[in-house]
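Take a look at this single chain, the form predicted alone, given in structure tokens.
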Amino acid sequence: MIDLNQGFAQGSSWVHQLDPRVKIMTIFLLAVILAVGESIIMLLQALAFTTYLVLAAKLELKKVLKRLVVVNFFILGIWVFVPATYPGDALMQVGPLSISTAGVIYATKITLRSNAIMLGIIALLSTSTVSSLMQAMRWLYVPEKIVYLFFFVYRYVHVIWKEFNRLYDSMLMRGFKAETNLHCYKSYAYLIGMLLVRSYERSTRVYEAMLCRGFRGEFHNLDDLSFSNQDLKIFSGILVFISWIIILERGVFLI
């Protein structure tokens, strides 16, 4: 039996108790709609909905914001370059650069879209255990190899990150300094190469250990998924909301 309860998976809210199959289908539908959506009104309502899910799950806001900072760090680069390079009517002039109205709108849509999807993932997927998500993916006929890949990435990404920090600390102890020269680039290349070698060696040891414990290509889970009347009501409400934002996207409210 596999049970890796961590972080947000611990809780008693209705979001935590929601069937993981409903969670996966909900975030999949939301992600697809938000990825292709262009209406700012629709994106704002989707962001409000995923924010509500986070609040309903009673998650620690400090940890949620910490995860959002990582996403918005990359979005910051979009705000630096897109408004000044996107074609369109000038909104304002900053020195030799012309900030276009279309560029600002485009960057705004990317910001809303990314944060809404990220909040949805945190509220829905992070509030379930890995074992329940694996079982739900199987029920939804996700290929077994993808299910196992999902599990092993979750299980060992932190291990690989620790290995990276250990190798990098050893470089610093030997006088390494990050600079813009050929030696520095080679050192980083060696670091990545050694990390790949160590990861491969670890995967071999893990696989051999699994075989020694009787692994035959299948993980067994003792938890059963149950679809309750509450799950049906909540999923019906979610489908109504998704239908509404589709109407906003396709209707006269398109901006």
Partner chain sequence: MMHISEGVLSAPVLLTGAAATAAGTAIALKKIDNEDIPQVGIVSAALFVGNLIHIPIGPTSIHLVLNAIAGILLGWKAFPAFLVAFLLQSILFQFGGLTALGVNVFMVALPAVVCHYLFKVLIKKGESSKWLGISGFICGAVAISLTVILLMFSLIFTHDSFYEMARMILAGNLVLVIIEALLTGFCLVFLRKVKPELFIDLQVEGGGLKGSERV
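For clarity, a rigid core is taken as the largest C-alpha set superposing within 1.5 Å between two forms. Everything numeric here is computed off the predicted structure, so don't read it as measured data. Residue numbers count along the first chain shown, from 1.
What follows is about the form predicted in complex with the partner chain, which we do not show.
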Contact label in the predicted complex: residue 145 to the partner chain, heavy atom within 4.5 Å
yes
Evaluate residue 217 for contact with the partner chain in the predicted complex, applying a 4.5 angstroms cut-off between non-hydrogen atoms, and reply yes or no.
yes
May I ask you to state whether residue 81 is within 4.5 Å of the partner chain in the predicted complex, using heavy atom distances?
yes
Residue 62 versus the partner chain, in the predicted complex: is there a non-hydrogen atom within 4.5 Å?
no
In the predicted complex, do 50, 93 and 246 all put a heavy atom within 4.5 Å of the partner chain?
no
Contact residue in the predicted complex, from 104, 171, 140, 118 (heavy atom within 4.5 Å of the partner chain):
118
Given a 4.5 Å distance limit between heavy atoms, list every residue of 156-185 close to the partner chain in the predicted complex, or none if there are none.
156, 157, 160, 161, 164, 178, 179, 180, 182, 184, 185
Has the Cα of residue 184 moved 2 Å or more between this form and the one not shown, judged after a core fit?
yes
Flag for residue 160, CA shift 2 Å or larger between this form and the one not shown after aligning core
yes
Please determine whether the C-alpha atom of residue 230 is displaced by 2 Å or more between this form and the one not shown following superposition on the rigid core.
no
